[in-house]
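Quick heads-up: it's one chain on its own, the form predicted alone, in structure tokens.
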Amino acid sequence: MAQEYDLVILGGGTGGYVAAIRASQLGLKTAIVEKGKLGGTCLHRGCIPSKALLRSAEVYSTAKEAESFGVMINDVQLDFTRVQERKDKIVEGLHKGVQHLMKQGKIDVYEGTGRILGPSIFSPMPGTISVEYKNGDENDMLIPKNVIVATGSRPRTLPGLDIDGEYVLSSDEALELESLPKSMIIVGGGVIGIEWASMLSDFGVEVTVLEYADKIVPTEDHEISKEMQRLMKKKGVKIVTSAKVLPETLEKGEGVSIKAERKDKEEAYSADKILVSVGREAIVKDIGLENTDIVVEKGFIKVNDFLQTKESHIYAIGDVIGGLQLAHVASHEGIVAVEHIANEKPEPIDYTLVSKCIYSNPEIASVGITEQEAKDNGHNVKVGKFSFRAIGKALVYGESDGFVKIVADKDTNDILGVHMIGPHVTDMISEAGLARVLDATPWEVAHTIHPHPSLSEAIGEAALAVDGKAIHS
């Protein structure tokens, strides 16, 4: 039976369900087609479960250092089964919350695989959605006026380094480990790789990171990357950069071993398991794109400033379009797409205003461009840095490593980028994000009175440091 809708969304992840809620608010009859669970990768296989594990790792690490706070704890032990149970409970609670939001918004949810059909008896334009069910039930046909593709992404691997779930894992399999290995090789020192390296190290796992670039977290500011590498080594993580992993050398048996080419030499590495963390690829296959004029470039759907594909009534958001593959970006893209559908005249997204976070221990957060990017773009740059070692609240926390760095234009005095590494910086970056949105100057940030004692004082001091006026340095 065919059902008519104003909007059908393929994918019920963070971008998809947020788009659906906004569409419901605007009075659009809306449906979501999701073959897995509402909440998608972020809720079930990404942001939330990994951060739950990171928090347990942080608590465990802190407990082992409790004596330095004057708290005597004997025989600190880790029960990884309970760690996983806590993670699953958090995910389950949030999943129920998303389900409630769908009912509240009167959004229909089809639990099946959605595919876009070409022109048919149902519609002269491509966009009719066929919903296929695993249990063999007859397909449903959804006839929407508009479609949003929000199918997300999956972990990428290296050719020849196949995920087997036992020896070679992606983050999906790693999240479901029943017990911790004694050692782990992580292929890839980007955002996900470093979060896992931090977490596993705090859990007591021996970790080796093999990164192809000449530095870890290579998209971050150079000084941030350098500091993170220092602090990872301080935690006991072995960092190997400029390492080209050779999948054909993989051997399995009593654990795994693999070689990497480095400085024209092959070096061998061994561990209990390998975690492959080399980015994510968009889910664009088997969703019916071939029945449309939608353009796919370098594996991602091409869209305009308002997230429209070449088929103007079909939009795409989130990881499937590439760019910043972040949950909060997908959500905002979903809102922009829906508001454009509803003729609400939204503003296009300026991706340089998006805050990025890495939830390792210590954390990294940034917004805007790096110092090198600023120079490459022709800016006359001035920089202010301030260390957490001079911040009272950081010393109270017992977490004084790291710093805040502000990059500004010497001619216009505009803030170009803010980069942080240290305690709880992912909770602090929004101030810098607002400063970028408002086109603020370091002077304006510096003259925002930051409470004392607070970690945020580092932002105010870094802003003063841009003009050589920091008080506590």
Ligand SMILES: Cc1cc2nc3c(=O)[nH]c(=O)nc-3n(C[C@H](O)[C@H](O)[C@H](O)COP(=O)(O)OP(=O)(O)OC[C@H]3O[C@@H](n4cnc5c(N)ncnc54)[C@H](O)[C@@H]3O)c2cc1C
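Numbers follow the displayed sequence, beginning with 1. Predicted model only: the values in this text are computed from it and were never measured.
Below, we refer to the form predicted together with the named molecule, which is not included among the displayed structures.
Contact between K382 and the named molecule in the predicted complex is not found at the 4.5 Å heavy atom cutoff. The shortest heavy atom separation between T41 and the named molecule in the predicted complex is within 4.5 Å. Shown alone here, H328 lies within 4.5 Å of the named molecule in the predicted complex, counting heavy atoms only. G460 falls outside the set of residues with a heavy atom inside 4.5 Å of the named molecule in the predicted complex. Though the named molecule is absent from this view, in the predicted complex it lies within 4.5 Å of a heavy atom of just one residue from V303, I192, M102, I369, which is I192. Residue-level contacts in the predicted complex: of G334, G188, G152, G127, one residue has a heavy atom within 4.5 Å of the named molecule, and it is G152.
Every member of the trio G16, C47 and I287 reaches the named molecule in the predicted complex with some non-hydrogen atom inside 4.5 Å. Listed stretches are 434-442, 416-424, 48-56, 62-70; the contact stretch with the named molecule in the predicted complex is 48-56, by a heavy atom cutoff of 4.5 Å.
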